[in-house]
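One chain is shown next in structure tokens, namely the form predicted alone.
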């Protein structure tokens, strides 16, 4: 039977009366909290408190409890001495690469007393990957997953939207930004949620340069706990300064944010476990092999004298322009494989506090690790070339500015 338009609407009204139940709306506590966390006046202080708790738990659990409280004692007290004792060929090149690079003093091979200084594949490589990075990655992704499932992340996107529009992005850019604090690789993929090519390019470039991954943060928390705040401050300032510049010179549009803000809800443990396992397992597949490979490559380059030659060649740039020791050449090579490995290397180079600060920032804004590099290439070779060009300018310009600030303050 064919119905005319009026009859169709009558039929719809009839069905609606039978299936729709109308009730009185009651403003619940959940609704009130949702409104408080999305309005700037109350939402920004709450966001700062959430991020502070995030960082406090990250540092206390990953650094103090797991790394210092357990893994340092395990690796330095048992694993390293045992390997140094049972592995044959002490002082040979295989021993140096796999166990302990050590050093010669008065014709005698001196063993390292901790895994950071040993820099062997089976000592420093495993310690960095399992003892420092793994706890940092686990706690970071656990907290991020909980915030996602609760429904807080969309509210954070709304809050930060106005600020990010100044650098050509919108609130959704907070998702790849925070993901990048865990690992740059999935963060590059997450830039696809941004609508325009301009936004994706700016976001991909900024996260590759200015956002340290969770592994790097874990190492910094371990080796430079007193300086990590200053390092992050320099990186945040650079993020917004160069983001503002890129927004002015990169052609394209930056549309307004359109986002659904759901109600707060109890996180589903099944989802939390699934997301956590997916993200942590990808760390084992991507990060651990590059950490171990990095130890091999850098040790071989040290043994053949390449690092020494490169340091001498680039000494005028490192010492004169960046204000860091020429030995920084080694960590910069390692940074292309794993930046956390590079920061660990910096910790055994003799330098002042401000030189260490400058060197860590330099490693952070240096080329992204090879896994991130490969992921950026998948997003488009033109974007990759553009990002590398921007990165090269930023490294020399910002690195020189940091050195100049140190000289003006009398600490460089």
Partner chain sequence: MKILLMGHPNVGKSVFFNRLTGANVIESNYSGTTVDYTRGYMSLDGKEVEVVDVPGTFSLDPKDRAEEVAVAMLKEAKDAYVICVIDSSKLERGLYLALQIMEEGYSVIIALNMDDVAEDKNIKIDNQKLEQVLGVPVVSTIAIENIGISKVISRLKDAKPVDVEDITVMRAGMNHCGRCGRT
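Numbering follows the first chain given and starts at 1. What we label the rigid core is the largest C-alpha set whose atoms superpose within 1.5 Å from one form to the other. Bear in mind that the values here come from a model prediction, so they are computed numbers and not experimental data.
Keep in mind the form predicted together with its partner chain is missing from the figure; the text below concerns it.
- Residue contact check for residue 278: one or more of its heavy atoms lie within 4.5 Å of its partner chain in the predicted complex.
- Its partner chain in the predicted complex comes within 4.5 Å of no heavy atom belonging to residue 408.
- At a distance threshold of 4.5 angstroms between non-hydrogen atoms, residue 92 is out of contact with its partner chain in the predicted complex.
- Of the heavy atoms in residue 308, none are within 4.5 Å of its partner chain in the predicted complex.
- Contact with its partner chain in the predicted complex, defined as any heavy atom within 4.5 Å, is confined among 81-89, 260-268, 207-215, 125-133 to 260-268.
- Residues of 9-23 lying near its partner chain in the predicted complex, listed in sequence order, are 9, 10, 11, 12, 14, 15, 16, 18, 19, 20, 21, 22, 23, the criterion being any heavy atom within 4.5 Å.
- Residue displacement note: residue 401 has its CA displaced by under 2 Å between this form and the one not shown (rigid core superposed).
- Comparing the forms between this form and the one not shown on their rigid core, the Cα displacement of residue 11 reaches 2 Å or more.
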